[in-house]
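Here's a solo chain for you in structure tokens, the form predicted on its own.
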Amino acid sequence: MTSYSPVARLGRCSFENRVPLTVHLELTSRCHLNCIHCFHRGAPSRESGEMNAEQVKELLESLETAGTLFLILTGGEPLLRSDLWEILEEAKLRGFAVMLFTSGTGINREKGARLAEFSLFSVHISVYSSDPERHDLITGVPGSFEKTSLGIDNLLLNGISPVIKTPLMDENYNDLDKLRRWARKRNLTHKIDPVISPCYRKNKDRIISRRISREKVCETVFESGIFDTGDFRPREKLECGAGVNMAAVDSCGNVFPCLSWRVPCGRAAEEGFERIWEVMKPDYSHLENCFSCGVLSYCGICPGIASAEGPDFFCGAASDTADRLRVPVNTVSSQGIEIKEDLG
């Protein structure tokens, strides 16, 4: 019998009962950084339609009623909202486990102390390299590494140990080992995302051009400790929590299945999140060929990314995964990828 952790059981229960356990809320699309891989760059501006504090509070009330527990506050840069403290107070009163995603550049001692008052579930800070010049090259803002490092120090001074996040791209791939040592020296949890996402079709070519190769993705996943092959369990079918036990809301109140799958399903301020959630049904028609694919069991395809750019990247990665795991497969998938038999 498979044993699940309490969080995993909660996730499975919410999936089976279609409860929006986790919701990403983009509080703003504004940001003082200009990261080369950011999907907001070149996207339609939403600053003029940004929800005010009262609208956000109404959304939080609706999320609580719908059964949301994990509330991820992201942006843009959430700390650019002058009413962030008011929103955090409301989230705390409603019992959400709040995760804050930030660059950390705006966290001085005072703000670090204020954040500590809200008993946040976690704070995630993006660090792209332990080399200040390389980090600043990616953010497009000189001095940003120094400000981010200071923000981390101010959190630590107030008892908050942030999670360090690093999306990998060609510009920082070779810095990974040094960055891990940098995080370890500070006793910080370090998480890596090997596949950056375009989210919008309009941004597809620009962001994909920054993405590390499929071969490097597999090398990172299998050889860097991200993935334990001993824990591998082939997937039986294409399952994704987007629109099933998770959702996303942008700064204007538009509701999507997830941040990477930006198919608008309604506007929370006008229709209410609960009503939108009741009728939300993600369309998998763009993945029609995947359901009969011979390597679906070893595919980590993201329906959202595939919606923006097509499934080809994941098709190749599934083939590589099957080869890496020495899976005895002898078939040609519906995507035309041949997997040779390996019984060794």
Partner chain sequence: MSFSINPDMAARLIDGCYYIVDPGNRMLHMLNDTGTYIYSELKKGSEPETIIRGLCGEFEVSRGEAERDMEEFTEDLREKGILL
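Numbering follows the first chain given and starts at 1. Only a predicted model underlies this, so the values are computations on that prediction, with no experimental measurement involved.
The following text describes the form predicted in complex with its partner chain, which does not appear among the structures shown.
> Looking in the predicted bound form, is its partner chain within 4.5 Å of a heavy atom from each of 13, 21 and 94?
Replying inline: The answer is yes; 13, 21 and 94 each reach its partner chain.
>> Between 310, 49, 300, 67, only one gets a heavy atom within 4.5 angstroms of its partner chain in the predicted bound form; which residue is that?
In response: Looking at the other structure, the residue within range turns out to be 67.
>> Considering non-hydrogen atoms and a 4.5 Å limit, which listed residue (209, 213, 119, 82) is close to its partner chain in the predicted bound form?
In response: The option sitting close enough to the partner is 119.
>> Within 4.5 Å, heavy atoms only, one stretch in 194 to 202, 119 to 127, 249 to 257, 106 to 114 touches its partner chain in the predicted bound form. Which?
In response: In the other structure, the partner sits against 119 to 127.
> Mind listing which residues of 287 to 320 have a heavy atom within 4.5 Å of its partner chain in the predicted bound form?
Replying inline: Read in sequence order, no residue approaches its partner chain (within 4.5 Å, in the predicted bound form).
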